[in-house]
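Two forms, one protein chain; structure tokens for each follow separately as structure 1 and structure 2.
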Structure 1
Amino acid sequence: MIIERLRPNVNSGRYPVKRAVGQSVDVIADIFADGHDKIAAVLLCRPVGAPDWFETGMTPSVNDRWHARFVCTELHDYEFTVEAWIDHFATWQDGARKKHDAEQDIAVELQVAARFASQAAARATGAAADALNDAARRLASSSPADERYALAVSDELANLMRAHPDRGLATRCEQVLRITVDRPKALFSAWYELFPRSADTGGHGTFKDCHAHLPRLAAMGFDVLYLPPIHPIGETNRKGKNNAPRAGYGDPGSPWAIGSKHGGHKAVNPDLGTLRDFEELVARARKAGIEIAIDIAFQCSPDHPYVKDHPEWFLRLPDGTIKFAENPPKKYEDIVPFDFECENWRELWEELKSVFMFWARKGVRIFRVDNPHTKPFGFWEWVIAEVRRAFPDTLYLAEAFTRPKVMHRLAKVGFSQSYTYYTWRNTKHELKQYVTELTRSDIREFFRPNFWPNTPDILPEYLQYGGRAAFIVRFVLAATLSSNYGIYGPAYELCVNAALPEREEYLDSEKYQVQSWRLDQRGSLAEIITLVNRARRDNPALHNTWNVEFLQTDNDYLLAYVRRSDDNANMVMVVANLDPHHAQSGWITTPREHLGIHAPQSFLVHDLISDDKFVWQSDRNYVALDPSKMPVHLFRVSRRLRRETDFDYYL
């Protein structure tokens, strides 16, 4: 037997495929042999470490390609391979039918069939063995040939023989491929980023002040509350407002300048509270249905205890000073990076692993990792595997706005989700091309996108100049093109668009100062965010990223796409006006037959934001969107239109 191109396969099996609990894996292999014999094949799958394989029969399609599917039911890594063999009985049945149809003598052939059945009976037990022995006896008897032929080619005998095959000469694929299985939140989540120090409207916030935000965020539909670094902030070279080289009186500094006399990566900023306060926040959030994600930034302020206790972990310049971080022309004088190439790298790696372990023991299971692309891939592959062994439910979001292949490698070595280029994909062509790349290529086997329209570091020009409509469009697209998305919260809710001149950075950035957010301001997006998150929760079509299907529109400012659930029972359609300044209209092609709507059947589209309902009666439908009102439709599609009264249509 020849078994080739076993898939899904990442880097020839070097890295595992990614799935979440409850997701299926569609396995494909090219399987063939010399000659014209019939073939049988099974998919072998098991949790890693389990003694026995469970089997699923494979089905052939065109050109010697075979398929099978299994579901990852446990939070455990899986492995799979394929086994195949010549099915001599199926080959015999095929030949016997041809000879019978040609009116050739098949008396000897029936004796061969009897021998096959007798051999299979020896491999079977119980009722199956009895049935096969009976078939062998009848096939070898002197009964009329037509009766014996009917038995020999029957589906009943074929099924018995298939269940007890001769696999003595079976071939097993040399490759055994792995699947990393995460919990469902790796596949579907809504993130909200909040600086705890700005959680109070009257001064420096604390962990306790975050408690008041939990009910509001839960009601809005967020299930992950991401906190930027919560550790002590260094004093040396502390940055001031708007990244000023010198801090003014009372400036809190950047949270990413980690470490002071109060401790390092295993301590909390005393201005935020105590470790016990943090643990209480984690517990309260969990009761509200929200998980706390924290930032892991492997860098230090010059005041970090590591700098004094382990100077060998840092790179020193010829003048004896420790090299600070920089990304020319940017300089980060308040930060010094670790030297991952130092002689004591093993001790450094173990210490950094202990940081993850420390916070995991405090109840944190989601880590947003800052700039992972500036640390060794080998380190991430090792540390993520080590932590997952102790805490298999941990998830990791890679904040790596870098080159595509680097981002992909980080996903391969273990990161559960990844930031993306969505932040800068604005036109219809850009969005269709990028989302198609993420969802219709092999990238989907290991790379889970998490769409963020903004971050504390990034205020895109589209948001700077597009007004409130731009914020609505980018939010709805992020939340419905990807099953994982996030927003830098208060700034996005309130459509903050003040930027540094000619920069994609916030003016008066919260990275360098405390903000007093007034979240009840007029124009807040809270209501729209709530409606969209409710639609995400209630519609299974939005629970994974891989089912985006773009629709044809005759206006380049109109983007339209549908999402369908795995069972095809739920369908959502999004139509967005990408022009935040002008009303746009056009015709959308909704191919009814392709969508499971049989012409001339009408169908209902129900806007889950405005609550408007429209009956569409053809494959082409007209849409007009005015950004001064609402620049996007979020439709739930009903294939069947039922009438309750003469004037009341409902889903």
Structure 2
Amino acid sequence: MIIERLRPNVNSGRYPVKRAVGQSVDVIADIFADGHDKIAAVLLCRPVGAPDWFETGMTPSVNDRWHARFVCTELHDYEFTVEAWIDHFATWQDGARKKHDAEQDIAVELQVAARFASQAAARATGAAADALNDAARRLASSSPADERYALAVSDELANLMRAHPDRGLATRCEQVLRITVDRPKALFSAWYELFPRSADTGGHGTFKDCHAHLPRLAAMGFDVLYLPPIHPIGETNRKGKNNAPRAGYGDPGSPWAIGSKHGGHKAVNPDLGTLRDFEELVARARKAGIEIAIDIAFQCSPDHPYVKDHPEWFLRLPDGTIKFAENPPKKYEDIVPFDFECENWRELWEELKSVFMFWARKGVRIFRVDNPHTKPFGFWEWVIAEVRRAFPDTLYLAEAFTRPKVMHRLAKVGFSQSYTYYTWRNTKHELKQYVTELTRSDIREFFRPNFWPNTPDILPEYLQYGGRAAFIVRFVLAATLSSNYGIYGPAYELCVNAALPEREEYLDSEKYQVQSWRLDQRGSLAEIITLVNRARRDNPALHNTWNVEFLQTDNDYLLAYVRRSDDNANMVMVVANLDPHHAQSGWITTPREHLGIHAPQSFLVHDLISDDKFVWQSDRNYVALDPSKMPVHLFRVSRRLRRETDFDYYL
């Protein structure tokens, strides 16, 4: 008996598969044996540590592939495997039926069946044992062969036999695969990034100034408020506006240059307030339905207390100076990296773990981790497992914009969500290809995308030159192609598109200066954002990322896709004009029967942004989108059930 290719798995089981509470796991395995014998198989699953396996019967599909499904109901890691055995009685039934149909004599075969039944009786108890013994007696009796045959191939006997299988020679798959289960927000979240120092519209903002933003963000439908580093900022080599090598008077510096005389990773920048102020913000946000996510950037300003207290944690150059961070020819003189492989690495790693633990104890449960790809994979695997052991509800977003395999590996070692290449995927072909890779390949088992159309570091060309329509399209695509998405908020709401010349970086970037955002401007996207987040909340089809189905369009500037909830009850369709400069129109193929719509019927599509409604009448429907008005449709698709009166379609 061969059981192989048990899946889902990640690197043959070296890493766990990821799920959120309430998500199901579709287990598949190739199961076969030599010869033509019938097989029975069960899926075994349990929360890790539970004494007993929970069993679910598996079903064969084509090509010796068997499947079964279970749901992860608890915030606890799970494990699963598969067991299979030869079902001798089912094999017997199959042969007996064929022989009977060919009018062959099966007298001896009925004796064999009687033996099977009495063996099963010995494994059964109570009424089942009685029934099986009775069947065995009748099969071996001298009743007419036809009567005995009818009993032997009856469903009743088949069910009894199936319930008392001989598993003495069952084969258990060698692999037991693990599943990391996160809370639902790992799968469905809307992030808003805000520099707290810009929370005021006048001077240097504070945690207290953030309070005023909470009701607005909650009304807009965001549920994660992500703050760039909140720690004291170094003074040595502090950067000035637009990354100038020298800070001007009053320049606040980059928040990623962490640490000063005011403290390091466990302190807050006094300009933002006190630790207590921060805790109050966390609590108020939670009341508003918003979680505060903080930035974990494991690097130091030269003024960080660690540099003085633990010089051995940093690399030194031959001239005795500590090596600052660089990515030649780029220099980050305001930052010194840790040496994760230093002799004292255990002490360093423990200290960094204590940073997570410190903030988790302050109520933070979501960490956006800066540049994890420049630190060892082994460190992340260790530290995330350690912190999750104490705080199973913590989530980790990997800010790694790097090579695919490195991003994948970070997800494998434990990050709950990942930044993606969405930021640069603009054309229909790119988007289809990339989303298909993320949602239809094995990558989906461990890599949870979080789509960001912009970040404080990245203002893509498409947004620089596409005007307001570009901002709308990229927002709606992010929010409806991925169940997790985020925006670098104020700059996005206001469609800020001023960049450094020939760069994808913001002019006057907030990374190096305080901004005074006037958010109640004409042209703000706040209303559209609100409508889209409401659509996300109200439509289960948008609560996970795997269900994207692209539709054919006859115009390459029109991207169209549907998403359906697992139970198929809810369906959303998006049609976007990717050309921010010109009106585009064309035909969208909407294969009705495939989409669960009774083919001769029309169906209603209701735009949840414009509130327009259209009755679509065919498997191909015409759409025209003018970017100067609204470049995208976000439709809820209404399907009515078949009714008795629908029969006239068939006349």
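Counting starts at 1 and follows the sequence of structure 1. Please read these numbers as outputs of a predicted model, since none were measured by experiment. We call the rigid core whatever largest set of C-alpha positions still superposes within 1.5 Å between the two forms.
Original post:
Between 1 and 2, where do we have the form predicted on its own?
Top reply: Note: form predicted on its own is structure 1; the other is not.
Original post:
Under a superposition restricted to the rigid core, does Arg172 display a Cα displacement of 2 angstroms or more between the two structures?
Top reply: For Arg172, whose C-alpha is compared between the two structures after core superposition, the shift is less than 2 Å.
**OP:** Could you check whether the CA atom of Ser142 moves 2 Å or more between the two structures, using the rigid core for the fit?
**Re:** Shift at Ser142: 2 Å or more after core fit.
Original post:
2 Å or more on the CA of Gly126 between the two structures, with the rigid core superposed, yes or no?
Top reply: Yes, because once the rigid core is superposed, the C-alpha of Gly126 moves 2 Å or more between the two structures.
Subject >> Gly95 CA shift between the two structures in angstrom, with the core used for superposition >> reply: Here the C-alpha difference is 2.5 Å.
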